[in-house]
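Okay, so here's just one chain, in structure tokens, the form predicted alone.
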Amino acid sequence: MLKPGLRLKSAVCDAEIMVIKASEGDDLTCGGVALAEAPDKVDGDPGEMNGCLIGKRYVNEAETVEVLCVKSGDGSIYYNGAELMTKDTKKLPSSD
């Protein structure tokens, strides 16, 4: 079960994420392999190895799941079979 504050690691690369917002499901993967708190290293799906970048927030299309990448890796983050996309940053008003 996903819950905010949960830190998960990838079994296919060095990526680590922290859950910011979670929904009912728990099908969160990186490189085609489920994320876990202490995973054993395995080979990932080459089609799901597009990378994730430290400091970026990733959300699903409905924005029901949001994760923060705390350590970069080669695997892409997926939720229920759909790749999570980087969350757009909000523009701050100018202070002229």
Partner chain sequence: MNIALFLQMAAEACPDRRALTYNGEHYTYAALYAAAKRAAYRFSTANCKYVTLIDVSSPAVPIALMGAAMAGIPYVPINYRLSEEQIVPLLDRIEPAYIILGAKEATYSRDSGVTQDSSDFLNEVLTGDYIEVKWNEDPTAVAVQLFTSGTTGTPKAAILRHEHLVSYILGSVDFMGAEEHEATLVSVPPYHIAGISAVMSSIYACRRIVQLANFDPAEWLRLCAEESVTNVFVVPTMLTRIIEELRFSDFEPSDLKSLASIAYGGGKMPVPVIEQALALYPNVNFTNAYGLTETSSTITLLDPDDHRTAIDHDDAAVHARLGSVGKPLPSVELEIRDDEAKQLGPWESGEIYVRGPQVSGEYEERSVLDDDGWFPTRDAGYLDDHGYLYLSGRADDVIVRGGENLSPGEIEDLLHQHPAISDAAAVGMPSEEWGEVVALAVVKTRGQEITEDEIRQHIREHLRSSRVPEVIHFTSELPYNETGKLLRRVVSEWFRIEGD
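It should be emphasised that the depicted structure is a prediction, and the values quoted were computed from it without experimental measurement. Positions refer to the first chain, counted from 1.
Below: the form predicted in complex with its partner chain, not depicted.
- Though the partner is left out of this view, residue 54 does reach within 4.5 Å of its partner chain in the predicted complex, counting heavy atoms only.
- Its partner chain in the predicted complex is not approached by residue 34, whose heavy atoms all lie more than 4.5 angstroms from it.
- Taking the partner from the other structure, its partner chain in the predicted complex has no heavy atom within 4.5 Å of any heavy atom of residue 1.
- For residue 59, no non-hydrogen atom is located within 4.5 Å of its partner chain in the predicted complex, even though that partner is not displayed.
- Of all the residues from 64-78, those having a non-hydrogen atom no more than 4.5 Å from its partner chain in the predicted complex are 68, 69, 70, 71.
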